[in-house]
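A single chain, nothing else alongside it, follows as structure tokens in the form predicted alone.
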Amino acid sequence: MSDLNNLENRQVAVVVDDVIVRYPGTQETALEAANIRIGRGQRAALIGPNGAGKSTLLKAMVGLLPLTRGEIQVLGEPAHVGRHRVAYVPQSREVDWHFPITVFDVALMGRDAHLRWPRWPRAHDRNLAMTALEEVGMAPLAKRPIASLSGGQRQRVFIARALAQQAEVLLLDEPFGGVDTATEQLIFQLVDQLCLAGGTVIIATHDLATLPEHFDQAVILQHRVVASGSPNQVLDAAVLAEAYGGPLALLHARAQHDLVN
């Protein structure tokens, strides 16, 4: 695991400075005064209860949600500027799976940010899309409608779309929900490969047990940053109880802490 005490001395991939984000169309604050630093090559986890701001923060990082205050920089640029350098995989429930599109077409969408006028994909783009599908084991189903796939297969295809984009920062929102063990292991393998190559991966997850083995940094949210550091620092009973709230949560946090140590 990386020594996060020296993070300020490393090249930083994502900077979140004093950020406030409100839910669209309301005055309700989703995330308040968040300050986060994530270094290049890091595997970072966003954890916290439902509605804590994990998805909100990922969408803000890719420029899909406006900031009420503060600034987010990704690879030295404002979040909305360098979108082609950031790949975002939303939660499965946010995708219209009935849209008539094939597995290959979904993967090819990862090339959209790189296309020039008249914005038709070329042989190079198609090759990258197929290579990405091969990496996630979905090339044999390239011609299948996306709607016909299982949950784990769909997640693999959306990971392929992100790989085809060749982004330097990968944002995954709850990628392990409803997937099989083989798909989960594959995702972690791809994450490790991307980070070894210098990429940065940020994953919103509820699975605290995976933090020590698969992540270098963890950020725990509860409409604000409760804690940020190495997994062992964040997997503290008192910290988790503060995030999840109440005596019952404290017992749960202790159980999780004992499980992963």
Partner chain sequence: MTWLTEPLQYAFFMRALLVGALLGVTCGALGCFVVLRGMAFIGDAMAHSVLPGVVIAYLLGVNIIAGAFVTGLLAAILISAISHTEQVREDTAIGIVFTGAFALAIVLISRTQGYVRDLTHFLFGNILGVAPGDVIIAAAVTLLVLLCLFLWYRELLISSFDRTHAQVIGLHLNWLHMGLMTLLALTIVSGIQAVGVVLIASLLVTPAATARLLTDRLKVMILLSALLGSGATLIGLYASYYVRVASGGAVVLTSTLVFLFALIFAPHKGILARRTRHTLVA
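Positions refer to the first chain, counted from 1. Here, rigid core means the biggest group of C-alpha atoms that superpose within 1.5 Å across both forms. Quick caveat, the model's predicted, so the values are computed rather than measured.
Beyond what is shown, the protein has a form predicted together with the partner chain; the following relates to that form.
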Quiz item: With the partner absent here, would Val62, Asp96 and Pro145 each sit within 4.5 Å of the partner chain in the predicted complex, counting heavy atoms only?
Solution: yes
Practice problem: Could you tell me which one of Leu108, Leu163, Val179, Leu75 places a heavy atom within 4.5 Å of the partner chain in the predicted complex? | Solution: Leu108
Practice problem: Sort through Leu149, Leu141, Met130, Ile101 and report the residue having a heavy atom within 4.5 Å of the partner chain in the predicted complex. | Solution: Ile101
Self-check item: Contact stretch among 87-95, 67-75, 133-141, 187-195 - heavy atom within 4.5 Å of the partner chain in the predicted complex
Solution: 87-95
Self-check item: Contact test in the predicted complex: Arg119 vs the partner chain, heavy atoms, 4.5 Å
Solution: yes
Practice problem: State yes or no: after fitting on the rigid core, is the Cα displacement of Arg116 between the shown form and the other one at least 2 Å? | Solution: yes
Quiz item: Core aligned, does the CA of Thr26 move at least 2 Å between the shown form and the other one?
Solution: yes
